[in-house]
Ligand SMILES: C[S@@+](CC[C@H](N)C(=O)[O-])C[C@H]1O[C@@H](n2cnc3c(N)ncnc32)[C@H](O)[C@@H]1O
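This document starts with one chain, in the form predicted alone, laid out as structure tokens.
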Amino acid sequence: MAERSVEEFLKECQQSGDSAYAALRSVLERLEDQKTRVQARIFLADLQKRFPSKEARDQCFDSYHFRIEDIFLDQYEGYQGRKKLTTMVIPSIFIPEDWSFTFYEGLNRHPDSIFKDKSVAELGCGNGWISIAIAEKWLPLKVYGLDINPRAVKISWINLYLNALDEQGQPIYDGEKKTLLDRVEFHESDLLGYCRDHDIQLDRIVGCIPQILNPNPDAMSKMITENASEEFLYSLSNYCALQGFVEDQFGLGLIARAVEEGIAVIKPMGIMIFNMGGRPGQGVCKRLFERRGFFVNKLWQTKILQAADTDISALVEIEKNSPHRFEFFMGLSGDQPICARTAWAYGNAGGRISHALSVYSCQLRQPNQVKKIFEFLKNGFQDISSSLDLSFQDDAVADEKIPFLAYLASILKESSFCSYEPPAGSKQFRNFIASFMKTYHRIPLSADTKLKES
């Protein structure tokens, strides 16, 4: 592609966000074709050079509806490998910010072996940078970057090519003679739907997904297509809908569904890692995992400013109708928690509010048994799931109760009804009584003896 083509490309992008997305899709098609891949990558390198400064990139985003920028990895704990990733963003997808940077920091708190040669799924991958960073640093077997936003998936593929090939369009090989194209895939998926439908068993599930109910519930019922409005597609990064879980009251219903879907596809020794906003309180966040049979470890915690474009009025409504109080802070320096109502008023008055942000790692304590329990519950017993509690302080109690529930689930799964005892009562119990009377009172009874009333 010549310089003139860059000008034509920018002219098309300038028309609207939809036009920019269409132009980027055509670039992706050229990247996917091995005959045009090299020239397409060179074109992207030339495009990036047109906007060398932050001010120029911000102007590009405002005028041409996209931005190509670098994310520097050498600032994170345990840094190794390349210093930076080159990434593209568009207005209709999640833009890397404190949430995702904190999440990546938490991932780095795990030992280096956690992702090596593992199959990994990232939920809510956005523009794909964390999936690519995981593959770059830890050399997993495969990373599946999943997002419900179809535009995010297309941009993620572009970012994969941006980092799998150098500026001359040549493959970049790692120490195992593989490229990022060998290690990473991106797919449109509602949470773990893609992995479930393709029978993919995972070693690791990581996720940074929305935790605030949409203040306009009807908006979440729209069809999700790549032709939807930019505003609607971007809202998928900030808000979630009711999921039918008790955690909905805290805005954590989507994570609860992700965890339960994860139980079905995670391998027995697998690990899930989630980025959790501390607004509902740390106890509520940990409880979400523990009551589903997980051991929980908090890897990392910090405090971040609440995103200015996120409406927390839904949390205010929850407080009105329940005794629960969410936890916010005034600015980053405040140490006394305030409720959602106070935070909402403070924000409307021009103040900045913040909340805790934690990265949790969790692992099933008795994976095979817990899997049996949830396999049974998902077949028409969702109401029971809301009251299920597999959290036990005493491991001995857990060792007794979880296997019993798993056994009960397996029996009920095989039979849709419970057999009833005959009117005369349990024959086994009658045998015990007859044996007792015969041995100690020399009364010749049997289980079938009928006693007449006098």
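Keep in mind that what you see is a predicted model, and the values were worked out from it rather than measured. All residue numbers are counted from 1 along the displayed sequence.
Same protein, other form: the form predicted in complex with this ligand, not shown, and the subject of what follows.
- With the partner omitted from this view, the residue of 259, 191, 88, 359 that lies near this ligand in the model of the complex is 191 [heavy atom within 4.5 Å].
- Between this ligand and the residues 265, 318, 370, 148, the one pair within 4.5 Å by heavy atoms in the model of the complex involves 148.
- Residue contact check for residue 129: one or more of its heavy atoms lie within 4.5 Å of this ligand in the model of the complex.
- In the model of the complex, this ligand lies farther than 4.5 Å from every heavy atom of residue 169.
- Using a 4.5 angstroms limit between non-hydrogen atoms, residue 124 touches this ligand in the model of the complex.
- For the chain shown alone, residue 237 is a contact residue for this ligand in the model of the complex, at least one non-hydrogen atom being within 4.5 angstroms.
- Stretch-level contact check against this ligand in the model of the complex with heavy atoms at 4.5 Å: of 159-167, 182-190, 345-353, 332-340, the positive one is 182-190.
- Using a 4.5 Å heavy atom cutoff, 96, 208 and 254 all lie near this ligand in the model of the complex.
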